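Given next, in structure tokens, is a single chain: the form predicted alone.
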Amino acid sequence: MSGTMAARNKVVIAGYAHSQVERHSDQQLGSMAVDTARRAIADAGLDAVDGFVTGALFPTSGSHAAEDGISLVTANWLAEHLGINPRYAAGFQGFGQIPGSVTMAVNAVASGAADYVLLHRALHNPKGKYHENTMRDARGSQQWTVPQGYFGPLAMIALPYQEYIQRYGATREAMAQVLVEARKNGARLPWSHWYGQPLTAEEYLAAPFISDPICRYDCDIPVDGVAAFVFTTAERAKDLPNQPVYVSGFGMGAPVTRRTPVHWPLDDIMGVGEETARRLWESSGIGPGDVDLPQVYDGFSPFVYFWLECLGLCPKGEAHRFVLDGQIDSDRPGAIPALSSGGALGNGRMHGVPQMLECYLQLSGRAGERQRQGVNVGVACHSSPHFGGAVVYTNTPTRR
């Protein structure tokens, strides 16, 4: 079956807005989402939109209530509180919250279900410990893992990272460079939780382990924050104020191998991730050599290695050496600026928003003092390569 994207370069991002990213905001999440949505709509030169999409997943394994407008914000809740009766409102269910939502926004605009679609992502950090859990018994597949302490996202990522270390000889000194790069770039962003707070390799290496080999700094920090983007057709965007950024293609995937929910073997991640990348290139009609701005997902630092290799930006098993050699240093000429957005590690747990935002800002020429020259094609990656996806963006609509 052909994976070519039928709506390639026919739907664009026309505007955006981003809240401050804070550990705990004084503003309720729903109120923050409404304010951010209004600013995004105005930024696109519009008075209103008629479509809403989001992925409203609340990414915690703790015992916290999922309450609309409080800990998450659905598409219908946002439409209602903006006073809009939408022609289209939908939520993506599954992993890869942002690429799934982008796919829905593009399809809604391309099909005519809505003329202007607002995509938002709202993240909440509840009071107390983020992953605090009151579970007293384990049922289903968890009965085989929880009693042994194998539970939650830390154990989930520690397993494949340990496999990677043993298979390819990766060192903590190499991973330290991932964190240095992410925090260096996040420290430059006024909206970031880590604004003005870079990290040294020595600080990383001195950090305590949480789930060996994962240490404190290998994990993004939970935050409160909202981002919103306005999608419309390329034709309508001609009458709007901002340089449009075209959606050129996307790829998503998920494993078919039966596993327990937190069992992520390295081969599963890489096998499905490579298939996701093939879908991405086929959908967009480009290849890794055409990408000026790859933005890899880094909710946990090992994802940086996995995405670099799955996308074909470096050989399999070589990402740790690639990084240690300075090949993702965004200040180094000729290097790949894979974390120029700061990512999740340099912003806070914004669930792939930094990657999407960096592609939009750079390709639309709106990155200010951080503007990179010669950037025409970007790729934003989200979640793990085998339980997420990626989107190709461009500012050259005639590209094939």
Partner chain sequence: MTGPPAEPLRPLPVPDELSAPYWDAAARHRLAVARCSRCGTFAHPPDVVCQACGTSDPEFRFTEVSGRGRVRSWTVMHQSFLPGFRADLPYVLVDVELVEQADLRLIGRLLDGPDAPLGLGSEVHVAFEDVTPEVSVPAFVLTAGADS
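Everything quoted here is computed from the prediction, not taken from an experiment. Positions refer to the first chain, counted from 1.
What comes next is about the form predicted together with the partner chain, which is not displayed.
Would you point out which of 309 to 317, 188 to 196, 263 to 271, 231 to 239 contains residues with a non-hydrogen atom within 4.5 Å of the partner chain in the predicted complex? The contacting stretch is 263 to 271.
May I ask you to choose, among A207, L82, I221, I210, the residue with a heavy atom within 4.5 Å of the partner chain in the predicted complex? Looking at A207, L82, I221, I210 one by one, just I210 meets the 4.5 Å heavy-atom criterion.
Just one of E203, E163, D292, E282 has a heavy atom within 4.5 angstroms of the partner chain in the predicted complex, so which one? If I apply the 4.5 Å criterion carefully, the residue I get is E163.
Is N133 near the partner chain? Define near as a heavy atom within 4.5 Å, in the predicted complex. Although the partner chain is absent here, N133 would touch it in the predicted complex, with heavy atoms inside 4.5 Å.
May I ask you to state whether G149 is within 4.5 Å of the partner chain in the predicted complex, using heavy atom distances? It does: once the partner chain is placed as it appears in the predicted complex, G149 has a heavy atom within 4.5 Å of it.
Touches the partner chain in the predicted complex: A108 (any heavy atom, 4.5 Å): Contact with the partner chain, no.
Can you tell me whether I286 touches the partner chain? I mean in the predicted complex, with a 4.5 angstroms heavy atom cut-off. The answer is no: I286 has no heavy atom within 4.5 Å of the partner chain.
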